[in-house]
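Shown next as structure tokens: one chain only, the form predicted on its own.
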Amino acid sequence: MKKNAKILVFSTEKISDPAIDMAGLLKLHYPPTVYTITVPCSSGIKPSWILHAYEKGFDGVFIAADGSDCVFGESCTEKTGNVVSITHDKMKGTGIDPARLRMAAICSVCSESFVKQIRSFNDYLIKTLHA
């Protein structure tokens, strides 16, 4: 049985990237099969990028959203939520379980929260995809 799922994380350069970097500096452990792509704002992620990740073999996609701390505007959370909703609909249409896409607001000092989210997501993906 596979121990770790392959997870793509969309992380934002000003907010969630520092938390992910700090997780490494603090030696907080999460699966080594987690890959990150940095974006300026989580609301700019395109559903096609997420679907492409599944086509390329990723088990799950996690959006480390800016939340209310976004430097590009207060509507970031709502816009990112819309991206997730649209993508969930497209995933259903292609037979991909929408639970393979998760989003959570990760602040710049939320390293432990990020690690907890990723570990939980990894456990879910292992149980449902590789059982």
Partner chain sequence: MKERIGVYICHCGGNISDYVDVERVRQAVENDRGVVLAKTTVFACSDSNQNDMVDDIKKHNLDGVIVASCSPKLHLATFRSVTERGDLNKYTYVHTNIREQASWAHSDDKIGATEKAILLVKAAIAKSRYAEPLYPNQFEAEKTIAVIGAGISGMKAAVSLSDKNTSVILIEKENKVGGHTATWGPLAMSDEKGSDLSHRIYSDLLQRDNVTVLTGSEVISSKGSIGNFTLKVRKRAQQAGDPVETMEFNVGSVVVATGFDPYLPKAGEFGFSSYENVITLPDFKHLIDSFSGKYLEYRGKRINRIAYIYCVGSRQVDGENRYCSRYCCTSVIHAAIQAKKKFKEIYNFHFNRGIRTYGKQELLYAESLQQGDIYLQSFEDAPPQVYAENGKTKVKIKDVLTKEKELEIEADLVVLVTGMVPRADNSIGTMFKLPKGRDKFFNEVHMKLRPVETVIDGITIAGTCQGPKNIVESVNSALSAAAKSYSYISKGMLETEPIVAEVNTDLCAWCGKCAEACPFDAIGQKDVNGKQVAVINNSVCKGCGMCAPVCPPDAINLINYSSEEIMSMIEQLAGG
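Positions refer to the first chain, counted from 1. Quantities reported herein were computed from a predicted structural model and do not represent experimental measurements.
There is another form of this protein, the form predicted together with the partner chain, and it is not shown here; the text below is about that form.
- Residue contact check for L101: none of its heavy atoms lie within 4.5 Å of the partner chain in the predicted bound form.
- Taking the partner from elsewhere, I63 is found to have every heavy atom lying beyond 4.5 Å of the partner chain in the predicted bound form.
- Contact check for A105: no non-hydrogen atom falls within 4.5 Å of the partner chain in the predicted bound form.
- Mapping the unseen interface onto this chain, H88 falls outside it, with no heavy atom inside 4.5 Å of the partner chain in the predicted bound form.
- Across the proposed site, K92, I96 and L129 without exception lack any heavy atom within 4.5 Å of the partner chain in the predicted bound form.
- Contacts between stretch 38-62 and the partner chain, counted in the predicted bound form as any heavy atom lying within 4.5 Å, involve T38, V39, P40, C41, S43, G44, I45, K46, P47, S48, W49, H52, A53, K56, F58, listed in sequence order.
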